[in-house]
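The chain below stands alone and is given in structure tokens; this is the form predicted on its own.
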């Protein structure tokens, strides 16, 4: 699976593509944890409750707003999985917004 993440200017900006052989978890947060642990420890994202209550992990997944802690990794994709920060918010770093 190809995962494309929009990076913030402090991390070089643009998009970064990660090749993930097996996504061990089921949610986007688990996928992001895997990418940070195995590919890029500088990847910034934030979550808190893991239950969809706090909303801190809201981001765009394939162009649609989603809570990363609840959003399942799609089982079938026609292209790469894209993950971007939520627009209209103050960008802190990578996928972290205020």
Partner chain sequence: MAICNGRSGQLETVDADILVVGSGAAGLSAAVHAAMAGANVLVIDKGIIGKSGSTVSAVQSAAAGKWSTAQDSLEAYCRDLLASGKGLSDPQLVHTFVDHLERVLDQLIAWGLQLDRDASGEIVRTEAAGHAFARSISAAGGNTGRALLKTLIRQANRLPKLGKMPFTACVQLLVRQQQISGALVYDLLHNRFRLIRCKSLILATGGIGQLYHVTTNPQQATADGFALALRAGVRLIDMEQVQFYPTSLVVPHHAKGFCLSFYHFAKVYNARAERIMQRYDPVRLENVPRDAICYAIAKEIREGRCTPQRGLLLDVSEHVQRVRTWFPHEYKFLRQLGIRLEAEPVEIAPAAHFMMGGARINRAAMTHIEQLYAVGETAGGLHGANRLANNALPECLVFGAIAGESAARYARTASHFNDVDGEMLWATVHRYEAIVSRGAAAPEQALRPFHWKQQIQRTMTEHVSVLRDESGLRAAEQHLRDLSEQWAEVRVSGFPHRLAKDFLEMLEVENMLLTARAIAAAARAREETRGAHVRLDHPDSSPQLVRVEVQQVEGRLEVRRQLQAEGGNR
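Positions refer to the first chain, counted from 1. Fair warning: this is a prediction, and the values are worked out from it, not measured in the lab.
Missing here is the form predicted in complex with the partner chain; even so, the following discussion is about that form.
Visitor: Does residue 3 reach the partner chain in the predicted complex, with heavy atoms at most 4.5 Å apart?
Guide: Outside the cut-off, so no.
Visitor: Decide whether residue 37 counts as a contact residue for the partner chain in the predicted complex under a heavy atom distance cut-off of 4.5 Å.
Guide: Contact check for residue 37: yes, within 4.5 Å of the partner chain in the predicted complex.
Visitor: Heavy atoms within 4.5 Å of the partner chain in the predicted complex: does residue 84 have any?
Guide: Residue 84 lies outside the contact set for the partner chain.
Visitor: With the cut-off set at 4.5 Å between non-hydrogen atoms, does residue 65 touch the partner chain in the predicted complex?
Guide: Although the partner chain is absent here, residue 65 would stay clear of it in the predicted complex, with no heavy atoms inside 4.5 Å.
Visitor: Relative to the partner chain in the predicted complex, which residues of 72-98 have a heavy atom no more than 4.5 Å away?
Guide: If the 4.5 Å heavy-atom criterion is applied to the partner chain in the predicted complex, 72-98 yields 72, 92, 93, 96, 97, 98.
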